[in-house]
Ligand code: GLN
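Take a look at this single chain, the form predicted alone, given in structure tokens.
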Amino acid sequence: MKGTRSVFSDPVDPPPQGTPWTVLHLLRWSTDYLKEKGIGGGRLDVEHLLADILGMDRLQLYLHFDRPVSPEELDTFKPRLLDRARRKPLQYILGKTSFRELSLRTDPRALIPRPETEELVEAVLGRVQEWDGRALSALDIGTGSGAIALSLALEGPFERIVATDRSEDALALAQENARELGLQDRVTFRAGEGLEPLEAGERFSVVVSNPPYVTEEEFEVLEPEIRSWEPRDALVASEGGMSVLLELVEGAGSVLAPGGLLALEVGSGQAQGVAERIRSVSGFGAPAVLRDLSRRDRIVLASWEPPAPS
């Protein structure tokens, strides 16, 4: 790290006066380096990267500012900092992320789980708590890293959970996460598009999905961390980002048990359109639209209430 910060191909050199790198010096230098690369919030990223390498909690760094960083630790830190400067998401560099009560393996095979999806899980858990005495099952469509299905398995009262994804790579990641969390016997994973992987006659208490809902135009102006690294097919949908959402609304009744719940995460400005389509499908009760912590309409819930056979 010598000379200009725009050149980072040389080996890491000690700071001035020949003194060893310390945690504080490395934090300051690396934060400035990321700032010059146009990355806001670089200090937090550096803290996470360095804490992971040093085997401590991020906040513990503040108790070890004078700790020397060994050459071996610097050799591990440097390529990670370079990756972040190239706009690789922090979660992919670390290879993990937190989601509710889970620590999930995270890599470019699947989207990075977002806080909004944590709220989707919370909405589902809140609703099923009212269903005492039922034998509950859940279907997670487009499971990605497995965040939703595995959270429901860990936190919810579900006896059976099926998670599907059209991406074999994403499904493999979800299965790895299930094994690492000891939940492999609680979730069944199936490959396929939409409802295709389901068997004839299967019914579920809950159908939940965080499907692709980004438009082509929105995708082109997303941050490089998303546009260049996360799987495009898991983000973008046609028809103004609504195609997959509307397909799920149209098809969910074929796999929902009477009294069951459809729970969808939607994009900005899409909630009312999804709610309107739900109202047009015979068998659904009145949809509910929930806001996320940023006060944006983000979650649409609807109960499946088909008329009883005459």
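So that there is no doubt, residue numbering starts at 1 and follows the sequence shown. These numbers were taken from a predicted model, which means no experiment stands behind them.
Unshown form predicted in complex with the ligand; subsequent notes refer to it.
| message | So if I measure heavy atom distances to the ligand in the predicted complex, which of the stretches 153 to 161, 79 to 87, 232 to 240, 198 to 206 falls within 4.5 Å? | response | Looking at the partner contacts, the answer comes out as 232 to 240.
| query | So, 134, 255 and 258: all three within 4.5 Å of the ligand in the predicted complex by heavy atoms, or not? | reply | No, because 134, 255 and 258 lack any heavy atom that approaches the ligand to within 4.5 Å in the predicted complex.
| in the predicted complex, which of the listed residues (73, 225, 107, 116) lies with a heavy atom within 4.5 Å of the ligand? | Of the candidates 73, 225, 107, 116, 116 is the one lying within 4.5 Å of the ligand in the predicted complex.
| residue 94: touches the ligand in the predicted complex, heavy atom cutoff 4.5 angstroms | Judged by the heavy-atom cut-off of 4.5 Å, residue 94 is well away from the ligand in the predicted complex.
| task | Although the ligand is absent from this view, report whether residue 210 comes within 4.5 Å of it in the predicted complex, heavy atoms only. | result | Answer yes; at least one heavy atom of residue 210 falls within 4.5 Å of the ligand in the predicted complex.
| query | So in the predicted complex, does residue 214 come within 4.5 Å of the ligand, heavy atom to heavy atom? | reply | Close contact exists here: in the predicted complex, residue 214 approaches the ligand to within 4.5 Å, heavy atoms only.
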